[in-house]
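In the block that follows, a single chain appears as structure tokens, in the form predicted alone.
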């Protein structure tokens, strides 16, 4: 928790009210975003995202597995977040474990939809190799290196960038297997399929401080929040997930207004992130 004097709290709250935050941004403006991809060679895909002083890494590992009996036509995705104690003293011990679990669950809700997979931002059906028998399991691991607020949006951006960088080996399935027999497969070492990230959403967290919302809150601004709503929105403007934190309740009309604001802000964020990912991948190809 950030410790602020009464004067500092009034300064932050006054700046938000006047649409001029302490770092010069307006209420709905993100900090500069920087993306780096492909720097973990043993992973199928990886990315680092910096939003201001918040710095996170995401890596993707793909392994062949068996689809769930409840969803035989879908692959599986697991998301885990690790909060490094070097990022923030409060991450040491139980505090870090609790935040890691909270962020992991929030990312699952925002990116993978409901238990049925409905509304998922990641197309799980694209991970099927043989329906009911073989699928790709994606293990997405995230690490918080440094924290200055807005971790969920930064982690969502890193996952989108890492999946954009992900190559899944082509699988050739032997013909002839029938019934309950497990088909034989040959995994290519040379041919890779690029993961389609066109519909993967970005996460926009709107932090309510007083009567106003802000995006990309710093740690100091988060310490003044009443509540925060994180909304995942894809390029088509569809809502893929929503999660709330903070003790203060919100009127349904306020949540609807927040969703409308998040849709508006998401256009700018998606365009900026896509531009940064393309530039990072171009740099990777040249190196």
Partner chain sequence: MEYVSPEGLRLDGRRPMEMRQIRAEIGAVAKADGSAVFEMGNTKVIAAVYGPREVQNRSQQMNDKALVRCEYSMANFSTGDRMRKPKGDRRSTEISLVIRQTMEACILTHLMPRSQIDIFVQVLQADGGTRSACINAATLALADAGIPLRDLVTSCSSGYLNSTPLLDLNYVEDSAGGPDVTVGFLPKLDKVTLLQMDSKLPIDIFENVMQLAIEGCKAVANYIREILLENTKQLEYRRGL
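Remember, it's a predicted structure, so these values are computed and weren't measured experimentally. Positions refer to the first chain, counted from 1.
FYI, the form predicted in complex with the partner chain isn't displayed, but the following is about it.
The partner chain in the predicted bound form is not approached by residue 210, whose heavy atoms all lie more than 4.5 angstroms from it. Although the partner is absent here, residue 227 is not a contact residue: none of its heavy atoms lies within 4.5 angstroms of the partner chain in the predicted bound form. Contact between residue 42 and the partner chain in the predicted bound form is found at the 4.5 Å heavy atom cutoff.
Looking at residue 217, you'd find every heavy atom of it more than 4.5 angstroms from the partner chain in the predicted bound form.
Here the chain stands alone, but in the predicted bound form its contact with the partner chain, taken as any heavy atom within 4.5 Å, falls in 143 to 151 among 126 to 134, 182 to 190, 158 to 166, 143 to 151. For the partner-free chain shown, 39, 40, 41, 42, 53, 55, 57, 59, 61 of 23 to 62 come within 4.5 angstroms of the partner chain in the predicted bound form, judged by any non-hydrogen atom.
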